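Only one chain is included here, represented as structure tokens and corresponding to the form predicted on its own.
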Amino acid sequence: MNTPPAGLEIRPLTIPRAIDDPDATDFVAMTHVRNLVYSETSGHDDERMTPAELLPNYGPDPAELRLAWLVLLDGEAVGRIGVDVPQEAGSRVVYWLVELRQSVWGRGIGNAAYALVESTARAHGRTVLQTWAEHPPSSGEHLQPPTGFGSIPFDHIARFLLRRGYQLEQVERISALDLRDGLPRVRELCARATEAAVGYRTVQWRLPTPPEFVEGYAWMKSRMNTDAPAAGLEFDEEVWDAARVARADAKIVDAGRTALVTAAQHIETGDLVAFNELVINNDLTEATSQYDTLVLSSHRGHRLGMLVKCAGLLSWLDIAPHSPRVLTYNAEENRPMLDINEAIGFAPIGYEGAWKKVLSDSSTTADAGIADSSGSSGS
């Protein structure tokens, strides 16, 4: 096992009240290294964020304890570590990331960083560790998850995780849609979906969520962990209420970002039964991110997924007319949603592996490291 270099420092990340506060230096450095790692891994800058845009994601949240560290080598920020501990009753799970600049791979820094992840999970009584890692394309050997859908390269990231006892549970496809052609195909698809969605209508709002939609939106958000394909991953059933919706909205609004929610409403009952989210940073010329999309299981079969996606995209052209493309993530086994995306014009640009380890008393962090990995592509 590589011995970490003498100049390595892993220190808890200070979360400032504002980016212009004197104690914001480490947070600014963390954001900078985050963006560099994402760019090195994906080959593009579409998921970059400014420190001010990222900061609201690190505020207090009773639903989740977010722990973070800055990784420095000889005083220079070279990576970050994150451990998110859900606060749902009975939760066994933590979500984690270790993201390091490629220039410091193979020097034992990943070993030290991961040891901190596992010891933190144990300290909080959690036994299920899950992480997401983007795997750049490679023509060599590939790994398939137990689902049989998709694959990722057997690369240094995969070896790092496999040697620490992780199982590849799911592959997510990263797709992009070019917005520069005006989306003529989307208009036709939206018209067809509208004809098929008899008894439903679309409603839209920009965050923060209007009071009349909070209850229905909260219920749909609570179903994301139960109704979406999860393979062998473990997710807690989340409880969403008006306060949780307000906190989630604030993480976007307080950062100066713009978000549009397009929902399908069942006309007879007034219930919201499907939704799609589009989000962009405060620079409206940057790439757009498609966040959650869901059709409640009891209302599937009416082309509501196509309806909310297409209606959202058409409205988005007025909100951010100079955004060049939309990025989205989907499980490879989620063929119904992939069918919709492919029909709209989304094309694959990358793949992400979802990895899981269940701790036991005999689990150890002292196995030899092949290389250091970049972890989840979360915030």
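Heads up: residue numbers just count along the shown sequence, starting at 1. Because the structure is a prediction, the values reported are computed rather than measured.
One more form of this protein exists, namely the form predicted in complex with a small molecule; it is left out here, but the text below deals with it.
Per the 4.5 Å heavy atom criterion, the small molecule in the predicted complex is contacted by stretch 132-140, the sole one of 132-140, 181-189, 284-292, 255-263. Among heavy atoms of R92, none comes within 4.5 Å of the small molecule in the predicted complex.
Heavy atoms of P208 never reach within 4.5 Å of the small molecule in the predicted complex, leaving it off the interface. W240 falls outside the set of residues with a heavy atom inside 4.5 Å of the small molecule in the predicted complex. A115 falls outside the set of residues with a heavy atom inside 4.5 Å of the small molecule in the predicted complex. The contact with the small molecule in the predicted complex, taken as any heavy atom within 4.5 Å, belongs to G106 out of G106, P146, G270, G125. Of the candidates L100, A218, L177, A77, L100 is the one whose heavy atoms come within 4.5 Å of the small molecule in the predicted complex; the others do not. No residue in the set N276, L314 and W316 has a non-hydrogen atom no more than 4.5 Å from the small molecule in the predicted complex.
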